[in-house]
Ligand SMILES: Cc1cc2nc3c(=O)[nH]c(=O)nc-3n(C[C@H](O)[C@H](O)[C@H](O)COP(=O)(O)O)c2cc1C
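This document opens with one chain alone, in structure tokens, the form predicted on its own.
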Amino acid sequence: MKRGFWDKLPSPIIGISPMDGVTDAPFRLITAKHGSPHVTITEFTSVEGICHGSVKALIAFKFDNIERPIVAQVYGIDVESFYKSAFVVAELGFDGIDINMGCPATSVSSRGAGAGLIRTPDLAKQIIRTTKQALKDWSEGKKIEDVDLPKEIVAWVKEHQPQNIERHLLPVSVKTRIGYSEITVEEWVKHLLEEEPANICIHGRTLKQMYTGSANWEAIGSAAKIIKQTKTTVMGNGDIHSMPEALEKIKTYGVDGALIGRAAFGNPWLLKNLTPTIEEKFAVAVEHAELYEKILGADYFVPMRKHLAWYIRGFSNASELRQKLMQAKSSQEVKDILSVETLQNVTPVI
């Protein structure tokens, strides 16, 4: 088993859960600067999209070295596309690749991808095995030009890849759930372990639950006992609201670490167990908006607005400010709204 950077991480391992539409490049960079997660994982990207020439999908793979170790998360069902996409990940300089087997979205799971793979363990194992083979082939010198990717994808990778990439075998990990419609996680992880992934992260809900109800950490703990008998590390995910709670769950349920999800929205300081001042919230909200424009462009600012709303809470006039920010079209407008004068007129809500 090639574990790569996973063997060098602090214990316990703390990171941010990859979330579609949230953990884009600006969000990850802000979190890395102000929260310092032990591992960073991108939004998931479709391997079929990559292999069909979707250059737009590769925007999720933009990253800064401050985010290292950084893992590219991919999803899909086409085995050959996983093979080809692994070359994209390797050429872009990522530290590992994570296969999403946990997304419950109907658009993903209904075609058998994401958490849909829980119902097809043989296919899931083939995907892991094929991805590992691709990374082995790449480490031994096979070129991205040799795997029949669309020329526009190869061109984008060449334009964005770091200089002097050292070819070495990258680790493969998996993020999944405790089951499809019912809890089957003990049987499910035994299948995954046959292919020796470096790490398995388990979200404590079934696909059927989506994000409703409570995360079942007892089920995560049961799976952890099985995984801990191997060289694979295991992380838990679901309903973690603070660092003390993360550490308590890690200890109680015997996992090697945890990924924190929604609690980190607008709160990169959570990973350092710090409570920011209103001034710090304003400053980082502006910084985030500026990074959004720098990394993703200034033409379409709408996706940034939800992040702004997450920063603006916990003080007087927060609702009024959020309404203004939901109309902002640029980082300069954000800066104007969250001005020194505005700061002087708000007080913490106790």
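Sequential numbering from 1, following the sequence displayed. What you see is a predicted model, and the numbers here were worked out from it, not measured in a lab.
The next section is about a form of this same protein that is not shown, the form predicted together with this ligand.
Heavy atoms of Arg262 reach within 4.5 Å of this ligand in the predicted bound form, making it an interface residue.
The closest non-hydrogen atom of Gly238 lies within 4.5 Å of this ligand in the predicted bound form. Although the partner is absent here, Glu333 lies well away from this ligand in the predicted bound form, with no heavy atom inside 4.5 Å.
Remark: Phe27 does not count among the residues lining this ligand in the predicted bound form, judged by a heavy atom distance of 4.5 Å or less. The stretch among 186-194, 89-97, 142-150, 203-211 whose residues place heavy atoms within 4.5 Å of this ligand in the predicted bound form is 203-211. Of the residues given (Glu48, Glu67, Glu43, Glu293), Glu43 alone sits with a heavy atom within 4.5 Å of this ligand in the predicted bound form. Residues Ser17, Pro18, Met19, Asp20, Val22 of 1-23 are found to place at least one heavy atom within 4.5 Å of this ligand in the predicted bound form.
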